[in-house]
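Structure 1 and structure 2 below are two forms of the same protein chain, each written out on its own as C-alpha coordinates.
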Structure 1
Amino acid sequence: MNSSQTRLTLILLLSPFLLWLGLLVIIPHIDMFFLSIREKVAPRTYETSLANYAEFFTEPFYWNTLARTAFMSILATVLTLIIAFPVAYYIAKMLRGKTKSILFLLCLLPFWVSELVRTFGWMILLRETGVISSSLQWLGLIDGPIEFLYNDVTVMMGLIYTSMLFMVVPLVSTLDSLDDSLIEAGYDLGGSKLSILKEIVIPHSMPGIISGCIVVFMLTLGNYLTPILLGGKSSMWFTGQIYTQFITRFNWELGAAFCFLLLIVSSTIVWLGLKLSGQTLASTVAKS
(Lines of atoms letter the chains of each structure in order from A and count residues from 1; the text may use other names and numbers.)
(Lines give C-alpha, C1' and ligand atoms only; values in the text may rest on other atoms or scores of the structure.)
Protein backbone atom coordinates (compact mmCIF):
# COMPACT_ATOMS: atom_id res chain seq x y z
CA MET A 1 0.00 0.00 0.00
CA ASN A 2 1.59 3.29 -0.92
CA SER A 3 1.77 6.13 1.49
CA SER A 4 -0.63 8.58 -0.16
CA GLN A 5 -3.31 5.88 -0.14
CA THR A 6 -2.59 5.22 3.54
CA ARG A 7 -2.96 8.91 4.27
CA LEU A 8 -6.26 9.03 2.46
CA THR A 9 -7.73 6.10 4.40
CA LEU A 10 -6.39 7.54 7.62
CA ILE A 11 -8.18 10.80 6.92
CA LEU A 12 -11.34 8.91 5.93
CA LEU A 13 -11.30 7.05 9.25
CA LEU A 14 -10.22 10.00 11.33
CA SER A 15 -12.97 12.34 10.17
CA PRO A 16 -15.99 10.39 11.49
CA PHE A 17 -14.12 9.90 14.76
CA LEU A 18 -13.41 13.60 15.08
CA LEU A 19 -16.90 14.61 14.00
CA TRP A 20 -18.51 12.28 16.48
CA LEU A 21 -16.34 13.22 19.44
CA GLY A 22 -16.01 16.86 18.52
CA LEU A 23 -19.64 17.66 17.81
CA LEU A 24 -21.24 15.44 20.42
CA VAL A 25 -18.82 15.45 23.31
CA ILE A 26 -16.05 18.01 23.25
CA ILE A 27 -17.62 21.13 21.76
CA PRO A 28 -20.83 20.71 23.80
CA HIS A 29 -18.76 20.61 26.96
CA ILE A 30 -16.77 23.65 25.93
CA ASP A 31 -20.00 25.44 25.14
CA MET A 32 -21.37 24.40 28.50
CA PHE A 33 -18.24 25.72 30.16
CA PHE A 34 -18.76 29.13 28.59
CA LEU A 35 -22.36 29.00 29.73
CA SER A 36 -21.24 28.30 33.26
CA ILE A 37 -18.98 31.35 33.45
CA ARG A 38 -21.47 33.94 32.30
CA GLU A 39 -23.83 35.88 34.42
CA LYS A 40 -27.12 37.48 33.49
CA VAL A 41 -26.86 41.13 34.45
CA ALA A 42 -29.90 42.37 32.60
CA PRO A 43 -32.38 40.73 30.19
CA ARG A 44 -30.36 39.42 27.25
CA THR A 45 -27.08 40.93 28.43
CA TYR A 46 -24.44 38.77 29.98
CA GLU A 47 -21.06 39.17 31.59
CA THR A 48 -18.24 36.76 32.12
CA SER A 49 -17.90 36.00 35.79
CA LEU A 50 -17.53 33.24 38.26
CA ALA A 51 -20.78 34.20 39.96
CA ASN A 52 -22.36 30.81 39.35
CA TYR A 53 -19.51 29.03 41.04
CA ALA A 54 -19.60 31.57 43.84
CA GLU A 55 -23.27 30.88 44.33
CA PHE A 56 -22.54 27.21 44.77
CA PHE A 57 -20.08 27.88 47.56
CA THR A 58 -22.18 30.49 49.33
CA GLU A 59 -25.34 28.43 49.38
CA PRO A 60 -24.78 25.57 51.88
CA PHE A 61 -27.63 23.54 50.46
CA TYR A 62 -25.82 23.14 47.16
CA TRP A 63 -22.42 22.13 48.41
CA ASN A 64 -23.98 19.98 51.10
CA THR A 65 -25.79 18.12 48.36
CA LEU A 66 -22.59 17.59 46.39
CA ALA A 67 -20.62 16.50 49.46
CA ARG A 68 -23.40 14.16 50.44
CA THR A 69 -23.59 12.71 46.93
CA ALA A 70 -19.85 12.13 46.82
CA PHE A 71 -19.82 10.59 50.28
CA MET A 72 -22.74 8.29 49.58
CA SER A 73 -21.11 7.24 46.30
CA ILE A 74 -17.88 6.30 48.03
CA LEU A 75 -19.80 4.43 50.69
CA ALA A 76 -21.85 2.62 48.05
CA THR A 77 -18.64 1.64 46.24
CA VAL A 78 -17.06 0.21 49.37
CA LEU A 79 -20.22 -1.67 50.33
CA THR A 80 -20.61 -3.03 46.80
CA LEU A 81 -17.06 -4.33 46.95
CA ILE A 82 -17.60 -5.97 50.33
CA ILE A 83 -20.80 -7.64 49.22
CA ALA A 84 -19.56 -8.63 45.78
CA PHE A 85 -16.20 -10.08 46.72
CA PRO A 86 -17.39 -13.29 48.42
CA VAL A 87 -19.84 -13.84 45.58
CA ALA A 88 -17.19 -13.32 42.91
CA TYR A 89 -14.84 -15.59 44.80
CA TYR A 90 -17.50 -18.27 45.04
CA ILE A 91 -18.22 -18.11 41.33
CA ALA A 92 -14.59 -18.00 40.28
CA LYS A 93 -13.03 -20.49 42.65
CA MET A 94 -15.67 -22.73 44.23
CA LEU A 95 -17.68 -23.62 41.15
CA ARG A 96 -16.83 -25.50 37.99
CA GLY A 97 -18.33 -25.97 34.58
CA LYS A 98 -22.02 -25.40 33.95
CA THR A 99 -23.07 -24.17 37.39
CA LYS A 100 -20.33 -21.62 37.21
CA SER A 101 -21.38 -20.14 33.91
CA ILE A 102 -25.07 -20.19 34.90
CA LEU A 103 -24.46 -18.30 38.13
CA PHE A 104 -22.19 -15.87 36.31
CA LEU A 105 -24.88 -15.19 33.71
CA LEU A 106 -27.37 -14.77 36.54
CA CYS A 107 -25.17 -11.97 37.89
CA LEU A 108 -25.40 -10.25 34.53
CA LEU A 109 -29.19 -10.53 34.55
CA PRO A 110 -29.97 -7.07 35.98
CA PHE A 111 -27.95 -5.51 33.19
CA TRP A 112 -30.36 -6.91 30.66
CA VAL A 113 -33.27 -5.21 32.40
CA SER A 114 -33.79 -1.48 32.28
CA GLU A 115 -32.76 0.44 35.39
CA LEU A 116 -36.25 1.87 35.46
CA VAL A 117 -37.79 -1.59 35.67
CA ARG A 118 -35.41 -2.66 38.40
CA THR A 119 -36.14 0.43 40.46
CA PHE A 120 -39.83 -0.06 39.88
CA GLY A 121 -39.42 -3.56 41.30
CA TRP A 122 -37.88 -2.17 44.46
CA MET A 123 -40.69 0.33 44.78
CA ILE A 124 -43.28 -2.43 44.60
CA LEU A 125 -41.38 -4.30 47.28
CA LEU A 126 -40.65 -1.46 49.63
CA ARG A 127 -43.44 1.07 49.58
CA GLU A 128 -46.02 1.48 52.29
CA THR A 129 -48.51 -0.72 50.51
CA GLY A 130 -45.72 -2.85 49.12
CA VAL A 131 -44.99 -6.53 49.28
CA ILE A 132 -42.65 -6.48 52.26
CA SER A 133 -44.81 -4.23 54.37
CA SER A 134 -47.94 -6.32 53.65
CA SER A 135 -46.13 -9.58 54.28
CA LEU A 136 -44.82 -8.42 57.62
CA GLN A 137 -48.33 -7.31 58.63
CA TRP A 138 -49.77 -10.59 57.51
CA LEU A 139 -47.18 -12.42 59.56
CA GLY A 140 -48.14 -10.25 62.52
CA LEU A 141 -44.65 -8.87 62.99
CA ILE A 142 -45.79 -5.26 62.66
CA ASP A 143 -49.10 -3.61 63.40
CA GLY A 144 -49.50 -0.96 60.74
CA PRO A 145 -48.00 -0.45 57.27
CA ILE A 146 -44.38 0.75 57.18
CA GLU A 147 -42.87 2.99 54.54
CA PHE A 148 -39.47 1.58 53.55
CA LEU A 149 -38.99 4.00 50.69
CA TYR A 150 -37.60 7.53 50.85
CA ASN A 151 -34.74 7.01 53.26
CA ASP A 152 -30.98 6.85 52.86
CA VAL A 153 -30.66 3.16 53.60
CA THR A 154 -33.02 2.31 50.79
CA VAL A 155 -31.24 4.65 48.39
CA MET A 156 -27.96 3.02 49.34
CA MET A 157 -29.40 -0.43 48.79
CA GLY A 158 -30.71 0.58 45.39
CA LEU A 159 -27.36 2.06 44.39
CA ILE A 160 -25.54 -1.09 45.43
CA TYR A 161 -28.04 -3.16 43.49
CA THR A 162 -27.51 -1.15 40.32
CA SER A 163 -23.72 -1.26 40.64
CA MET A 164 -23.33 -4.90 41.51
CA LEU A 165 -22.75 -6.10 37.97
CA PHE A 166 -19.88 -3.70 37.37
CA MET A 167 -18.12 -5.00 40.45
CA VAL A 168 -18.77 -8.71 40.04
CA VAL A 169 -17.60 -8.99 36.44
CA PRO A 170 -14.05 -7.58 36.83
CA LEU A 171 -13.66 -9.40 40.15
CA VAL A 172 -14.64 -12.74 38.67
CA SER A 173 -12.30 -12.30 35.76
CA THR A 174 -9.25 -11.45 37.88
CA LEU A 175 -10.05 -14.16 40.41
CA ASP A 176 -10.43 -16.62 37.57
CA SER A 177 -6.89 -15.87 36.52
CA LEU A 178 -5.56 -16.73 39.99
CA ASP A 179 -3.99 -20.14 39.82
CA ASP A 180 -5.59 -22.58 42.28
CA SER A 181 -2.20 -23.99 43.11
CA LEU A 182 -1.18 -20.68 44.69
CA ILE A 183 -3.97 -21.06 47.22
CA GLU A 184 -3.07 -24.69 47.73
CA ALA A 185 0.56 -23.77 48.22
CA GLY A 186 -0.57 -21.21 50.81
CA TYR A 187 -2.37 -23.92 52.72
CA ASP A 188 0.48 -26.32 52.30
CA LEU A 189 2.86 -23.83 53.87
CA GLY A 190 0.55 -23.50 56.85
CA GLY A 191 -1.44 -20.37 56.01
CA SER A 192 -4.82 -19.73 57.58
CA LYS A 193 -7.87 -18.70 55.53
CA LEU A 194 -7.45 -15.11 56.58
CA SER A 195 -3.76 -14.90 55.81
CA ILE A 196 -4.22 -16.50 52.41
CA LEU A 197 -6.98 -14.06 51.64
CA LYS A 198 -4.86 -11.14 52.75
CA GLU A 199 -1.54 -12.17 51.26
CA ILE A 200 -2.45 -14.09 48.12
CA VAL A 201 -6.00 -13.56 46.95
CA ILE A 202 -6.48 -9.84 47.51
CA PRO A 203 -3.09 -8.73 46.15
CA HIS A 204 -3.73 -10.78 43.04
CA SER A 205 -7.20 -9.38 42.47
CA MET A 206 -6.17 -5.77 43.08
CA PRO A 207 -6.48 -4.73 39.40
CA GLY A 208 -10.03 -6.08 39.31
CA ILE A 209 -10.90 -4.40 42.60
CA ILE A 210 -9.60 -1.04 41.42
CA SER A 211 -11.32 -1.11 38.07
CA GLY A 212 -14.57 -2.31 39.63
CA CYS A 213 -14.45 0.42 42.26
CA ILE A 214 -13.73 3.19 39.79
CA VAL A 215 -16.47 2.21 37.42
CA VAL A 216 -18.98 1.76 40.23
CA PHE A 217 -18.05 5.09 41.76
CA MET A 218 -18.45 6.98 38.50
CA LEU A 219 -21.76 5.32 37.73
CA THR A 220 -23.12 5.97 41.21
CA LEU A 221 -22.08 9.59 41.27
CA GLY A 222 -23.77 10.18 37.93
CA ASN A 223 -26.85 8.13 38.77
CA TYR A 224 -30.16 9.91 38.63
CA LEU A 225 -33.00 7.45 38.55
CA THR A 226 -32.32 5.36 41.64
CA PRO A 227 -31.84 8.18 44.17
CA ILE A 228 -34.76 10.16 42.77
CA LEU A 229 -37.24 7.29 42.71
CA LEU A 230 -36.16 5.51 45.88
CA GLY A 231 -35.18 8.63 47.81
CA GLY A 232 -38.02 10.83 46.70
CA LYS A 233 -38.05 14.63 46.86
CA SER A 234 -35.71 14.79 49.83
CA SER A 235 -33.06 12.60 48.32
CA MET A 236 -30.61 15.50 47.81
CA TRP A 237 -28.74 13.92 44.93
CA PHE A 238 -26.56 16.25 42.92
CA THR A 239 -27.72 15.12 39.49
CA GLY A 240 -31.25 15.81 40.75
CA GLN A 241 -30.13 19.32 41.59
CA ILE A 242 -28.72 19.73 38.08
CA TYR A 243 -32.00 18.59 36.61
CA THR A 244 -33.88 21.04 38.80
CA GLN A 245 -31.72 23.96 37.70
CA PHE A 246 -32.05 23.13 34.03
CA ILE A 247 -35.58 21.93 33.62
CA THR A 248 -37.58 23.25 36.57
CA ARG A 249 -35.87 26.55 37.40
CA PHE A 250 -34.56 27.16 33.91
CA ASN A 251 -31.36 28.55 35.43
CA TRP A 252 -29.01 27.07 32.84
CA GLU A 253 -25.97 29.06 33.89
CA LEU A 254 -26.01 27.69 37.41
CA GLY A 255 -26.87 24.20 36.14
CA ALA A 256 -23.88 24.25 33.79
CA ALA A 257 -21.62 25.28 36.67
CA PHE A 258 -23.02 22.36 38.67
CA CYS A 259 -22.23 19.98 35.82
CA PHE A 260 -18.62 21.06 35.88
CA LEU A 261 -18.40 20.82 39.64
CA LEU A 262 -19.69 17.28 39.45
CA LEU A 263 -17.20 16.41 36.70
CA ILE A 264 -14.37 17.94 38.73
CA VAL A 265 -15.26 16.04 41.88
CA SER A 266 -15.68 12.83 39.91
CA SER A 267 -12.38 13.12 38.07
CA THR A 268 -10.48 14.20 41.17
CA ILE A 269 -11.61 11.21 43.18
CA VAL A 270 -11.02 8.83 40.25
CA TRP A 271 -7.60 10.38 39.66
CA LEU A 272 -6.72 9.97 43.33
CA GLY A 273 -7.84 6.37 43.22
CA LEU A 274 -5.76 5.71 40.11
CA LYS A 275 -2.70 7.47 41.56
CA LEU A 276 -2.91 5.52 44.79
CA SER A 277 -3.21 2.23 42.94
CA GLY A 278 -0.83 3.04 40.09
CA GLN A 279 -3.24 2.16 37.27
CA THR A 280 -4.34 4.05 34.20
CA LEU A 281 -7.81 5.10 33.18
CA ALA A 282 -7.58 3.24 29.89
CA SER A 283 -6.76 -0.06 31.55
CA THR A 284 -9.67 0.22 33.97
CA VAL A 285 -12.46 1.60 31.87
CA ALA A 286 -11.76 -0.39 28.74
CA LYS A 287 -12.00 -3.60 30.72
CA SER A 288 -15.59 -3.23 31.84
Structure 2
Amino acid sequence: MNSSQTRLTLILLLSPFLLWLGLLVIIPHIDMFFLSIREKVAPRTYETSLANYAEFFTEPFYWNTLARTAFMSILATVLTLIIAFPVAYYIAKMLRGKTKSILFLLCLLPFWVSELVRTFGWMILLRETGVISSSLQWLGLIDGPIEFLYNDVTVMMGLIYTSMLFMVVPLVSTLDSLDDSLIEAGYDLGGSKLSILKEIVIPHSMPGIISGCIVVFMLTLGNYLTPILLGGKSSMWFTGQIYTQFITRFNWELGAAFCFLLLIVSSTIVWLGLKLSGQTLASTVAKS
Protein backbone atom coordinates (compact mmCIF):
# COMPACT_ATOMS: atom_id res chain seq x y z
CA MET A 1 0.00 0.00 0.00
CA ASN A 2 1.50 3.33 -1.08
CA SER A 3 1.42 6.58 0.87
CA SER A 4 -1.63 7.99 -0.93
CA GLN A 5 -3.65 4.86 -0.19
CA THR A 6 -2.53 4.96 3.43
CA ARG A 7 -3.55 8.60 3.71
CA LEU A 8 -6.95 7.88 2.13
CA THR A 9 -7.54 4.96 4.51
CA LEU A 10 -6.64 7.14 7.48
CA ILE A 11 -9.02 9.87 6.31
CA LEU A 12 -11.85 7.36 5.86
CA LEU A 13 -11.24 5.91 9.31
CA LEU A 14 -11.16 9.33 10.95
CA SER A 15 -14.05 10.85 8.98
CA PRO A 16 -16.87 9.60 11.30
CA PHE A 17 -15.07 11.00 14.34
CA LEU A 18 -14.22 14.29 12.61
CA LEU A 19 -17.81 14.60 11.38
CA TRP A 20 -19.14 13.98 14.89
CA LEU A 21 -16.62 16.43 16.37
CA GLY A 22 -17.43 19.14 13.86
CA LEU A 23 -21.23 18.85 13.77
CA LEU A 24 -21.92 18.13 17.43
CA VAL A 25 -19.08 19.89 19.26
CA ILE A 26 -17.22 22.58 17.32
CA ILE A 27 -20.05 24.16 15.30
CA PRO A 28 -22.52 24.30 18.25
CA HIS A 29 -19.85 25.89 20.45
CA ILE A 30 -19.07 28.51 17.82
CA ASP A 31 -22.77 29.29 17.44
CA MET A 32 -23.13 29.40 21.23
CA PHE A 33 -20.29 31.90 21.51
CA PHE A 34 -21.80 34.27 18.95
CA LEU A 35 -25.13 33.93 20.74
CA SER A 36 -23.49 34.84 24.06
CA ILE A 37 -22.12 38.16 22.72
CA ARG A 38 -25.48 39.20 21.29
CA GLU A 39 -27.70 41.68 23.13
CA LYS A 40 -31.36 42.22 22.36
CA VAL A 41 -32.03 45.95 22.01
CA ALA A 42 -35.47 45.70 20.36
CA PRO A 43 -37.81 43.01 19.06
CA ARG A 44 -35.82 40.98 16.52
CA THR A 45 -32.99 43.53 16.78
CA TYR A 46 -29.63 42.57 18.26
CA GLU A 47 -26.20 44.08 18.55
CA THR A 48 -22.80 42.68 19.50
CA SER A 49 -22.08 43.29 23.16
CA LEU A 50 -20.48 41.82 26.28
CA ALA A 51 -23.49 42.81 28.36
CA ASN A 52 -24.35 39.19 29.16
CA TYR A 53 -20.92 38.56 30.66
CA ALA A 54 -21.10 41.89 32.49
CA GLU A 55 -24.43 40.86 34.00
CA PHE A 56 -22.84 37.69 35.35
CA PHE A 57 -20.02 39.53 37.09
CA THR A 58 -22.23 42.30 38.44
CA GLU A 59 -24.77 39.92 39.95
CA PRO A 60 -23.26 38.19 43.04
CA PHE A 61 -25.85 35.42 42.98
CA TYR A 62 -24.62 34.17 39.60
CA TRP A 63 -20.89 34.04 40.30
CA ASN A 64 -21.45 32.78 43.84
CA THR A 65 -23.46 29.91 42.38
CA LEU A 66 -20.71 29.12 39.87
CA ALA A 67 -18.03 29.25 42.57
CA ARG A 68 -20.11 27.00 44.83
CA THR A 69 -20.71 24.55 41.99
CA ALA A 70 -17.00 24.39 41.19
CA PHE A 71 -16.08 23.85 44.86
CA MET A 72 -18.71 21.13 45.35
CA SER A 73 -17.57 19.42 42.14
CA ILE A 74 -13.93 19.41 43.27
CA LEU A 75 -14.98 18.05 46.67
CA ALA A 76 -17.12 15.35 45.05
CA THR A 77 -14.18 14.37 42.82
CA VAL A 78 -11.80 14.08 45.78
CA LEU A 79 -14.27 12.04 47.82
CA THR A 80 -15.00 9.79 44.84
CA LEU A 81 -11.26 9.16 44.44
CA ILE A 82 -10.86 8.37 48.16
CA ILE A 83 -13.72 5.86 48.05
CA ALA A 84 -12.93 4.38 44.63
CA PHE A 85 -9.20 3.83 45.09
CA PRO A 86 -9.43 1.06 47.73
CA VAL A 87 -12.22 -0.59 45.73
CA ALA A 88 -10.17 -0.48 42.52
CA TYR A 89 -7.05 -1.75 44.30
CA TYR A 90 -8.97 -4.65 45.83
CA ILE A 91 -10.43 -5.62 42.46
CA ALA A 92 -7.17 -5.25 40.54
CA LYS A 93 -4.60 -6.67 42.98
CA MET A 94 -6.39 -8.75 45.62
CA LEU A 95 -8.83 -10.76 43.53
CA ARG A 96 -8.25 -13.31 40.80
CA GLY A 97 -10.28 -15.11 38.16
CA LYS A 98 -14.06 -15.30 38.29
CA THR A 99 -14.39 -13.47 41.62
CA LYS A 100 -12.63 -10.46 40.15
CA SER A 101 -14.96 -10.42 37.15
CA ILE A 102 -18.06 -10.77 39.34
CA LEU A 103 -17.10 -7.91 41.64
CA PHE A 104 -16.25 -5.67 38.69
CA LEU A 105 -19.63 -6.56 37.17
CA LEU A 106 -21.35 -5.58 40.44
CA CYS A 107 -19.75 -2.15 40.11
CA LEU A 108 -21.30 -1.86 36.64
CA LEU A 109 -24.81 -3.00 37.58
CA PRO A 110 -26.15 0.36 38.84
CA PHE A 111 -25.17 1.95 35.53
CA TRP A 112 -27.41 -0.38 33.55
CA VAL A 113 -30.25 2.03 34.32
CA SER A 114 -30.39 5.74 33.62
CA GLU A 115 -29.17 8.44 35.97
CA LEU A 116 -32.76 9.60 36.42
CA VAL A 117 -33.86 6.18 37.71
CA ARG A 118 -30.86 5.95 40.05
CA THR A 119 -31.56 9.42 41.44
CA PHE A 120 -35.21 8.60 42.00
CA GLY A 121 -34.00 5.52 43.88
CA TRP A 122 -32.14 7.78 46.30
CA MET A 123 -35.26 9.94 46.67
CA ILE A 124 -37.35 6.88 47.58
CA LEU A 125 -34.80 5.94 50.25
CA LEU A 126 -34.26 9.40 51.72
CA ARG A 127 -37.60 11.18 51.54
CA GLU A 128 -39.65 11.89 54.65
CA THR A 129 -41.83 8.81 54.14
CA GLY A 130 -38.98 6.80 52.62
CA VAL A 131 -37.35 3.54 53.59
CA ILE A 132 -34.67 4.96 55.89
CA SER A 133 -36.96 7.30 57.83
CA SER A 134 -39.61 4.58 58.23
CA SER A 135 -37.03 2.02 59.35
CA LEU A 136 -35.59 4.36 61.98
CA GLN A 137 -39.08 5.04 63.32
CA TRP A 138 -39.87 1.30 63.41
CA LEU A 139 -36.67 0.67 65.37
CA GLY A 140 -37.62 3.42 67.82
CA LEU A 141 -34.51 5.49 67.09
CA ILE A 142 -36.50 8.59 66.09
CA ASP A 143 -39.90 9.87 67.20
CA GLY A 144 -41.13 11.18 63.87
CA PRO A 145 -40.32 11.21 60.14
CA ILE A 146 -37.11 12.94 59.05
CA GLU A 147 -36.53 14.52 55.65
CA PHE A 148 -33.06 13.52 54.47
CA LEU A 149 -33.41 15.19 51.08
CA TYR A 150 -32.67 18.76 49.97
CA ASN A 151 -29.30 19.37 51.63
CA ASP A 152 -25.66 19.43 50.54
CA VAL A 153 -24.82 16.07 52.11
CA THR A 154 -27.52 14.33 50.09
CA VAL A 155 -26.40 16.07 46.91
CA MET A 156 -22.81 14.99 47.57
CA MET A 157 -23.89 11.38 48.13
CA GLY A 158 -25.80 11.39 44.85
CA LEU A 159 -22.91 12.93 42.90
CA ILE A 160 -20.44 10.39 44.26
CA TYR A 161 -22.79 7.50 43.54
CA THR A 162 -23.56 8.56 39.98
CA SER A 163 -19.88 9.07 39.07
CA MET A 164 -18.18 6.23 40.97
CA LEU A 165 -17.85 3.95 37.94
CA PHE A 166 -15.95 6.59 35.96
CA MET A 167 -13.30 6.63 38.67
CA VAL A 168 -13.12 2.88 39.30
CA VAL A 169 -12.64 1.80 35.67
CA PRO A 170 -9.47 3.85 34.86
CA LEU A 171 -8.01 2.99 38.28
CA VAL A 172 -8.54 -0.73 37.76
CA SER A 173 -6.99 -0.48 34.29
CA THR A 174 -3.80 1.19 35.55
CA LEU A 175 -3.49 -0.91 38.71
CA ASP A 176 -3.86 -4.10 36.66
CA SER A 177 -0.64 -3.19 34.86
CA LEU A 178 1.30 -2.80 38.12
CA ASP A 179 3.72 -5.73 38.52
CA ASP A 180 3.12 -7.52 41.82
CA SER A 181 6.85 -8.15 42.14
CA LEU A 182 7.41 -4.42 42.66
CA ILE A 183 5.15 -4.46 45.69
CA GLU A 184 6.82 -7.61 47.01
CA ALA A 185 10.25 -6.02 46.53
CA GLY A 186 9.09 -3.01 48.51
CA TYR A 187 8.10 -5.23 51.43
CA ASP A 188 11.36 -7.19 51.17
CA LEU A 189 13.31 -3.93 51.45
CA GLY A 190 11.51 -3.09 54.69
CA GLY A 191 8.91 -0.73 53.31
CA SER A 192 5.66 -0.14 55.21
CA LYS A 193 2.22 -0.27 53.61
CA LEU A 194 2.09 3.52 53.64
CA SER A 195 5.51 3.95 52.03
CA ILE A 196 4.73 1.35 49.34
CA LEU A 197 1.44 3.09 48.62
CA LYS A 198 3.20 6.45 48.40
CA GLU A 199 6.31 5.39 46.48
CA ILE A 200 5.04 2.61 44.21
CA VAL A 201 1.26 2.28 43.92
CA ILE A 202 0.18 5.92 43.64
CA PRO A 203 2.92 7.01 41.16
CA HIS A 204 2.10 4.03 38.93
CA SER A 205 -1.65 4.69 39.08
CA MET A 206 -1.32 8.45 38.56
CA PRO A 207 -2.51 8.38 34.92
CA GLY A 208 -5.65 6.53 36.02
CA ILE A 209 -6.15 8.92 38.92
CA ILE A 210 -5.84 11.97 36.67
CA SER A 211 -8.08 10.62 33.90
CA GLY A 212 -10.68 9.47 36.43
CA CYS A 213 -10.63 12.82 38.22
CA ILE A 214 -11.03 14.73 34.96
CA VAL A 215 -14.02 12.65 33.87
CA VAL A 216 -15.70 12.74 37.28
CA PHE A 217 -15.11 16.47 37.71
CA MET A 218 -16.48 17.34 34.26
CA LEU A 219 -19.54 15.11 34.74
CA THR A 220 -20.18 16.49 38.21
CA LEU A 221 -19.75 20.12 37.22
CA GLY A 222 -22.16 19.69 34.32
CA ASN A 223 -24.64 17.53 36.22
CA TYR A 224 -28.22 18.79 36.34
CA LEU A 225 -30.53 15.99 37.47
CA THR A 226 -28.82 14.91 40.68
CA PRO A 227 -28.35 18.38 42.29
CA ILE A 228 -31.83 19.54 41.31
CA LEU A 229 -33.70 16.39 42.37
CA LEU A 230 -31.75 15.70 45.56
CA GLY A 231 -31.02 19.31 46.49
CA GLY A 232 -34.31 20.87 45.48
CA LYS A 233 -34.84 24.39 44.22
CA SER A 234 -32.34 25.74 46.76
CA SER A 235 -29.47 23.53 45.55
CA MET A 236 -27.75 26.53 43.88
CA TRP A 237 -26.18 24.50 41.07
CA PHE A 238 -24.98 26.48 38.08
CA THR A 239 -26.53 24.14 35.52
CA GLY A 240 -29.85 25.00 37.13
CA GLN A 241 -29.17 28.66 36.36
CA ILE A 242 -28.42 27.75 32.75
CA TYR A 243 -31.67 25.79 32.53
CA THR A 244 -33.57 28.74 34.00
CA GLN A 245 -32.18 31.17 31.44
CA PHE A 246 -32.86 28.91 28.46
CA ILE A 247 -36.17 27.30 29.38
CA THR A 248 -37.87 29.48 32.00
CA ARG A 249 -36.83 33.00 31.02
CA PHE A 250 -36.15 32.36 27.33
CA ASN A 251 -32.98 34.44 27.67
CA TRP A 252 -30.81 32.36 25.37
CA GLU A 253 -28.13 35.04 25.15
CA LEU A 254 -27.46 35.04 28.90
CA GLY A 255 -27.79 31.25 29.02
CA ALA A 256 -25.17 30.92 26.28
CA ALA A 257 -22.85 33.23 28.23
CA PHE A 258 -23.31 31.06 31.31
CA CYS A 259 -22.45 27.97 29.24
CA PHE A 260 -19.21 29.52 28.06
CA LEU A 261 -18.29 30.68 31.54
CA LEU A 262 -18.87 27.14 32.83
CA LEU A 263 -16.66 25.80 30.02
CA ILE A 264 -13.90 28.29 30.86
CA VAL A 265 -14.00 27.45 34.57
CA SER A 266 -13.97 23.70 33.99
CA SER A 267 -11.12 23.90 31.47
CA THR A 268 -9.10 26.15 33.80
CA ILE A 269 -9.52 23.80 36.77
CA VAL A 270 -8.57 20.76 34.68
CA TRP A 271 -5.49 22.60 33.36
CA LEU A 272 -4.45 23.60 36.88
CA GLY A 273 -4.92 20.02 38.05
CA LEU A 274 -2.68 18.72 35.28
CA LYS A 275 -0.04 21.34 36.06
CA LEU A 276 -0.04 20.60 39.79
CA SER A 277 0.20 16.85 39.19
CA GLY A 278 2.94 17.18 36.58
CA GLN A 279 0.86 15.28 34.01
CA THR A 280 -0.16 16.10 30.46
CA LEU A 281 -3.51 15.28 28.93
CA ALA A 282 -1.96 13.30 26.07
CA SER A 283 0.20 11.12 28.34
CA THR A 284 -2.68 10.56 30.76
CA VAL A 285 -5.00 9.34 28.01
CA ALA A 286 -2.29 7.16 26.47
CA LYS A 287 -1.28 5.47 29.74
CA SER A 288 -4.78 4.97 31.11
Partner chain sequence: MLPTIPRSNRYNWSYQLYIFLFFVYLIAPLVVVASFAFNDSLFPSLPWKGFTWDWFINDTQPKLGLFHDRSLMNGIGVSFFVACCVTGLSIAIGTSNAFLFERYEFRFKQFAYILLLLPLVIPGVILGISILVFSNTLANGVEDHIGWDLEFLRPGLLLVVLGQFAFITTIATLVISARLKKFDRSLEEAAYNLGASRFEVLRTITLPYLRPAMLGAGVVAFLMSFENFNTTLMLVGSDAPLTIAMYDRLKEGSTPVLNAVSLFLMLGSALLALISILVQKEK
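Being a predicted model, the structure only gives us computed values, none of them experimental. If you superpose the two forms and keep the largest set of C-alpha atoms that fall within 1.5 Å, you have the rigid core. Residue numbering: structure 1 sequence, from 1.
Chemist: Pick out the form predicted alone: structure 1 or structure 2.
Modeler: Structure 2, not 1.
Chemist: How about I264 - superposed on the rigid core, does its CA move between the two structures by 2 Å or more?
Modeler: Result for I264: no, shift under 2 Å.
Chemist: Relative to the superposed core, what is the Cα shift for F17 between the two structures, in Å?
Modeler: A shift of 4.9 Å.
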